[in-house]
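Next up: a single chain in structure tokens, the form predicted on its own.
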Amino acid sequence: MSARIEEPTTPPETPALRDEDRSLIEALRETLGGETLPVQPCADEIATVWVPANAAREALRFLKHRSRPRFPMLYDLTAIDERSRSRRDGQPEADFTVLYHLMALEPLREIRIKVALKGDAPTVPTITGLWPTASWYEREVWDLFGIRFDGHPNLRRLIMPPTWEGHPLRKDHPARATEMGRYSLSEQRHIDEEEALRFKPEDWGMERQSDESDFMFLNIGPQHPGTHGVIRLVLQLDGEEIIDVVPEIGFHHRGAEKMGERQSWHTYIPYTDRVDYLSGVVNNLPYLLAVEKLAGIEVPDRAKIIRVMLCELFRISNHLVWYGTYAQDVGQMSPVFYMFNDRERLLGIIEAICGARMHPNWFRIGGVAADLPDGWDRLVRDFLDYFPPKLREYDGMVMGNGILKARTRGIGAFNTEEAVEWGVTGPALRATGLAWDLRKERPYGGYDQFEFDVPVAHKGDCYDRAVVRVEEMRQSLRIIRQCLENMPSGPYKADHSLTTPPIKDRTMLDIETLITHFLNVSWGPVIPAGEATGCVEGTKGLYSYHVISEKSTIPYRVRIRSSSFPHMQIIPFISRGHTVPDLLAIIGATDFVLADVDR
């Protein structure tokens, strides 16, 4: 029987459905009993299929366990408020959409499943029985959109305070404080807020060991040097042994996705810098890759290589912060001072090129903000000569230290299958023995032009996660040296009308071009309608932006999929049975940033 796959009429530039995706969707259709499955074309060429809400769980179960290929990783789960959309282009009618982004690693394949929901209080079945990592993603969607997941074991707010009114990522929720009424704290509200802070273990999903036992708790944070930021970890203990850990996140939430709905495509770039605040321009790149896919912009070679060089410099910068604080977490006081000194040298290069250090806001739609300054090559070459001997020195000081080995070997281990189940990527995944790096599997932004190795370890514990990150710094040095020695000539920004800032040639020749230039500078470019995901191998794992354009000067939806979010969620799983000092080693080896968790 022929497939009944609906493909809406689309503009010529929209990629066609690939044969392998067509076969996969036909198999999915047959599994669902012959359901008609609308297919949505997207600029990033990822197959996007709409399934009915009552068939969503079965569709996802098929894709995880029985399809060819199987999709073992739930990469992302989010939602879209469709009620203000003006351009649906043949998509099913919906007030809200739940989006599941699945990934197969070997070989790399992706598929999106979308579920259309109607009404102001929509529901969809939970998939926590399929993927443990779905628990936080579904809680986040409930918290920010008000979509209920039937059967979820603990559907409560995750990011917003328990007393928060409304769901912030709904379009009718205020985006600015000036749109909200004056704050007042009555006596009753004060009492209610205080009561909401009372710790009730049952509300957190904790259980008694027996009828005769009671809870024994230890709070770590929200203010604690071992948590690397503002987070609260509630431990249930039997003596020193950890029975359970419950992270409380949200203290660092700033509404980065909500802000994307009120900034222009260009003015949102500085906000991306602040998400993983240790990775600088690495934050800019996935957002810009998504926007450039929508706009059909081809970035020139020189701009690509400049971007790669800056990203790898920031990878080293991030890893140096992790390296020093990781050693400090397990009792070594000296390394952090040496490594921060090296990071200062590196940030000096960043500042010389970009004009800023931690948050350079230097990548642009279509390229970078400016060409490399005179003398950049000398600064980079000096660092490439200086840093390798320092890494060898740290090998003996930190990685060869007997106390650090005793504190981290065999601690917080997980295998490849468990990592994939929880959505773990990056160095933590490679520490389980899987040599998987997006820069190799699907080279983006010019990485196909570079030679480098993918470091791996095999035990998946805290020590092996450190081994991988240390070797990654050496591989980043290899990439940077290739940038230095093979930097192409040419423009640093694409010759395209939607680049930012727009090209100024001929602005003074006629009024039409002058007005167009003025509007592109003041309002920003009008990006063509569509959806796209930009994904990169970030400093901590896979990092992506999913953007939706309504052919406007601002995004309709900006979704940030951070690597720190699933990595934080796996901490309870790998901490049970260990001790409190072990937990601090696990936290240090995880290498998360809380602004990246909370966004």
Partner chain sequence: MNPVLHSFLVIQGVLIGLMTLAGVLVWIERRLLAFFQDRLGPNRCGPFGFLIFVADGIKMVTKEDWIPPGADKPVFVLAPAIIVITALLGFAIIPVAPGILILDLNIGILFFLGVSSMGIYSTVLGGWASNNKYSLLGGLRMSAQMFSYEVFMGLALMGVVILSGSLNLREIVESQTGLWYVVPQFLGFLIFLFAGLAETHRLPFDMPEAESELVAGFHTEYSSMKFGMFFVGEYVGVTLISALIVTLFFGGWQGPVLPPIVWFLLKTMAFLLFFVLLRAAIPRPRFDQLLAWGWKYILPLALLNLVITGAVVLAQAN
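Numbering follows the first chain given and starts at 1. Small disclaimer: the values here were computed from a predicted structure and weren't measured.
Not pictured, yet referred to below: the form predicted together with the partner chain.
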task = Look at the stretches 171-179, 373-381, 438-446, 325-333 and give the one with heavy atoms within 4.5 Å of the partner chain in the predicted bound form.
result = 325-333
query = Considering I80, I220, V470, I350, which brings a non-hydrogen atom within 4.5 Å of the partner chain in the predicted bound form?
reply = I220
request  = Check each of N401, N361, S264, Q91 and return the one that places a heavy atom within 4.5 angstroms of the partner chain in the predicted bound form.
outcome  = N401
inquiry  = So in the predicted bound form, is the partner chain close enough to I411 to count as touching (4.5 Å, heavy atoms)?
reply    = yes
ask   = Taking the shortest heavy atom distance, is F337 within 4.5 Å of the partner chain in the predicted bound form?
value = yes
ask   = Does the partner chain get within 4.5 angstroms of any non-hydrogen atom of T579 in the predicted bound form?
value = yes
key: Any non-hydrogen atom of A406 within 4.5 angstroms of the partner chain in the predicted bound form   = yes
message = At 4.5 Å, heavy atom to heavy atom, what parts of 339-368 sit next to the partner chain in the predicted bound form? List them in sequence order, or say none.
response = N341
